[in-house]
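Only one chain is shown below, in structure tokens, and it's the form predicted on its own.
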Amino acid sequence: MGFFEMTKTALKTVLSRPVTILYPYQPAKKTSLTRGHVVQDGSKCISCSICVKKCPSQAILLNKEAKTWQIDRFRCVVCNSCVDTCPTRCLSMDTQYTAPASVQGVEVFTITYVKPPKPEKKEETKE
């Protein structure tokens, strides 16, 4: 009886279409929820380091003195924790996957945020 079940399964597999897509020839379906890679906007980053603390794989490093933010693409698990916790929304998740990395998977971004000046207080005169 086992031989006939195996033959049935083999014939069904040979005569039906494949369940998966042929990836290099057919592009994968992408939706708005697809997680490709983390993108950083240095003009919005306030160097609060919340993303560094929330990263479960410790892929993010922040150097406040040098004003650099770096991510190790090999360590990043694309969990979206850093994007969700960023107070200024300088981090976002792109739907495109990153190109294969060469020897180093570390990307360094320069933080160019300039703190806006405080508005001057108007002194009221008492009458």
Partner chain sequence: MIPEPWAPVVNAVIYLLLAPVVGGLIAGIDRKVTARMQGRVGPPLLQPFYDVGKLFEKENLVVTTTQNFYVLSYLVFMAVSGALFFSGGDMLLVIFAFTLSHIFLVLGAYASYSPYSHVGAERELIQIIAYEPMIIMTAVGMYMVTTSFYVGTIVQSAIPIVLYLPGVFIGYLIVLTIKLRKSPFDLSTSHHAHQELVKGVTTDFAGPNLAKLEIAHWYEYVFLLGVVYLFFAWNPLLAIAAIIIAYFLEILIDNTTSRVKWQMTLRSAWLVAGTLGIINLGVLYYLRMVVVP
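Numbering follows the first chain given and starts at 1. For clarity, a rigid core is taken as the largest C-alpha set superposing within 1.5 Å between two forms. Not measured: the values here are computed from a predicted model.
Another form exists, predicted together with its partner chain; not displayed. Remarks below refer to it.
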item	value
Close approach of residue 14 to its partner chain in the model of the complex, 4.5 Å, heavy atom	yes
Distance check, residue 108 to its partner chain in the model of the complex, heavy atom within 4.5 Å	no
Residue 22: touches its partner chain in the model of the complex, heavy atom cutoff 4.5 angstroms	yes
4.5 Å heavy atom contact, residue 18 and its partner chain in the model of the complex	yes
Those residues of 71-88 which, in the model of the complex, come within 4.5 Å of its partner chain by heavy atom	none
C-alpha of residue 110 moved at least 2 Å between the shown form and the other one on rigid core	no
